[in-house]
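Shown below, as structure tokens, is a lone chain in the form predicted on its own; questions about how it binds or moves come after it.
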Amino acid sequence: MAPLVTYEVISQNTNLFLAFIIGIGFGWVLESSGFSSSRKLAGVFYGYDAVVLKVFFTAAVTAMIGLLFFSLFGWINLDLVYINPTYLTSAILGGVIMGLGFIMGGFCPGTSFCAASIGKIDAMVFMIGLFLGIFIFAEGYPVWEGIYKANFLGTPKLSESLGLSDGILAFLIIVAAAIMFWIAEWAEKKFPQPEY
């Protein structure tokens, strides 16, 4: 569940139970924040509602700063934090497919489950498409395995690739977030939410 929790402290069953409770809390926060609304989610692409962008950017920056401070205090070893291996071609293709699905359906996978749990039919249809895509990918994997594994870059850190320290990169990302928030505020005024 977290790098600070080991099975010597709590059992695996307790760990899974805590993950379940955190998952319920996360779903409640998504729903209470309006993230079960496909119009609100799609609003980020049309400029009239940047709440989703702000929330997820804030979460990323908060996690980044938290990890840096935990590392500074010796509470976590960043070298032990798992980094997904980078396959550039599949990352780009996956991002395009995910983005198109998000724009057309108004949901990402997590928010579709959130919306389906409160009975939204469009989210349930989106989930059917999600599971169909997973099935097609899994069953056809031998066909596109070469594409999936193309352009393997290992597990690079952005700070190392740019030749920057983790602290300088974090500062630059915070500045970028502040600029993005300003642009989002401008866009929300420029493209007001349509009336339904």
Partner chain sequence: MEKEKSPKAKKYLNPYIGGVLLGIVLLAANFVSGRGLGASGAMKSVVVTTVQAVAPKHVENTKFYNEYEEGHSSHPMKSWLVFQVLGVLVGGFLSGTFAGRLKLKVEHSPRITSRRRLIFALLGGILFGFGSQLGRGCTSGSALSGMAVLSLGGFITMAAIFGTAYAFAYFLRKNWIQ
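For clarity, every value in this text was computed on a predicted model and none was experimentally measured. Numbering follows the first chain given and starts at 1.
Not on display, but discussed next: the form predicted in complex with the partner chain.
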So, Leu72 and the partner chain: in the predicted bound form, are they within 4.5 Å at any heavy atom pair? no
Within a 4.5 Å heavy atom cut-off, is Val175 in contact with the partner chain in the predicted bound form? no
Can you tell me whether Ile179 touches the partner chain? I mean in the predicted bound form, with a 4.5 angstroms heavy atom cut-off. no
Enumerate the residues of 113-145 that have a non-hydrogen atom within 4.5 Å of the partner chain in the predicted bound form, in sequence order, or give none. Phe113, Cys114, Ser117, Ile118, Gly119, Lys120, Ile121, Asp122, Met124, Val125, Phe126, Met127, Ile128, Gly129, Leu130, Phe131, Leu132, Gly133, Ile134, Phe135, Ile136, Phe137, Ala138, Glu139, Tyr141, Trp144, Glu145
